[in-house]
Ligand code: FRU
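Next up: just one chain, as structure tokens, the form predicted on its own.
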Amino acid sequence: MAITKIKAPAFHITGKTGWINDPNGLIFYNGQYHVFFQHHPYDTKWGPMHWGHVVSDDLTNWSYLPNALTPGDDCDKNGCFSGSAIVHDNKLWLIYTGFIENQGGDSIRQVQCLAESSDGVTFKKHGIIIGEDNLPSEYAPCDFRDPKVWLHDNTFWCIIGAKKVGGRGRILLYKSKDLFNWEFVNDLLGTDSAGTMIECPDYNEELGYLLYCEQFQPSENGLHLNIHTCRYCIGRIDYTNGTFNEESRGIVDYGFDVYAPQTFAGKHMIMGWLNMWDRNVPSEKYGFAGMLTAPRKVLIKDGRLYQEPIVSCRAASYKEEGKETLQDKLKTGVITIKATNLEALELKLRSNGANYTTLSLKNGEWIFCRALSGEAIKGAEKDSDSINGIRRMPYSGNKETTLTIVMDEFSVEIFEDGRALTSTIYPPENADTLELSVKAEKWQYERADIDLKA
């Protein structure tokens, strides 16, 4: 199927054409940032997964390279699913899930495969390195995917999403001395997840956090309104016992559209898929479906995950202080609102009268609404907030508040006190007005333009 992309975000990663989902293999290699992603280049629907590939010098302007992995070998004949990357012996290695579909259902096999590159562009496959023979018999070989690899004390370690036969999501820990021969260590969490399956586990040893996604996660009194959600757990792996010692946990993003966040190898940065399963994707008509979030700097503070956007911007192009209300024109850019003793805030984005996206501060929480943003986005969620296009995020209540909003053609990423709320929007082409009203002791507004290269 031939696809032409006729429109795209200004600076968020999409496929050159077609569908993308999970970010994979985030790494700095040979002087550039490399981002791989799940990709179906021949359709705007999910299909046989390839690994798309882009590189950047500044984490904002990205250049396409040829697809790094293409399905079709015995180990991955139906798809090259998610995984990660590591640099070893000056080579770039990809460890990924090969998808082998026989008659479907329990006959499906998901196996972990290895590929290497000396130039970061062309990859040689080595086939299966962790297969059914390496999986304890009580775990289902049809749900065994998304390896994350790292090096600790001269040993390679890997966590993989799995589940017991008839059970729910688990994370399995493996180790190896050479990337080729792997030994099962333990079931990392030792219990079933709340969701039906765990996907895309990710571990940052230096900061001490574990990320993972749960499919069909229960709401937990409204915390997880997305039926597919992303969780973080603060803590560390005990390598002697092969267990994760959890200290605290939370939700990675409070918006509609973040899934599969992954950490750049050796860096304190994450990116996620800026879309969600079981939703329509209005951008299909433009020749692409799905994009990735802006990179985010992460740190651990007060027992939770803090995120800040990383976007290359020029000097502030517009500033304003102290007015009760203001108007601006904005489709893409970064706005920052700083306030002392903030009491209330009302913000309309991408407005043209009938269509607009809103963010409000009410009753100690941020309330985001895309009900009137433009083209309707419908998901499988049936709660009243989801049906009415609403997502909520706790407000810090700090004396000094900094609200940062990253805007692109089809997305809004909102940050306050380390928390994030991210959603897609599909407004009309002429919707470019911003309207802001703030009640605070004092406040200021600043807009910065994205530093885009030709």
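What you see is a predicted model; the values in this text were computed from it and never measured. The first residue of the shown sequence is 1; numbering continues from there.
Keep in mind that the form predicted together with the named molecule is missing from the display, and what follows is about it.
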{"query": "Site check D253, V258 and W366: each within 4.5 Å of the named molecule in the predicted complex by heavy atom", "finding": "no"}
{"query": "The named molecule contact in the predicted complex: Y42, any heavy atom under 4.5 Å", "finding": "no"}
{"query": "Any non-hydrogen atom of W62 within 4.5 angstroms of the named molecule in the predicted complex", "finding": "no"}
{"query": "The named molecule contact in the predicted complex: D146, any heavy atom under 4.5 Å", "finding": "yes"}
{"query": "Partner proximity in the predicted complex: E199 to the named molecule, non-hydrogen atom cutoff 4.5 Å", "finding": "yes"}
{"query": "Proximity to the named molecule in the predicted complex (heavy atom, within 4.5 Å), stretch among 329 to 337, 81 to 89, 132 to 140, 298 to 306", "finding": "81 to 89"}
{"query": "Option touching the named molecule, based on a heavy atom within 4.5 Å in the predicted complex, out of F184, F216, W277, Y318", "finding": "W277"}
{"query": "Position in contact with the named molecule when the complex is considered in the predicted complex, options I425, M49, V406, A420, heavy atoms within 4.5 Å", "finding": "M49"}
{"query": "Neighbours of the named molecule in the predicted complex among 9 to 36 [non-hydrogen atom within 4.5 angstroms]", "finding": "N21, D22"}
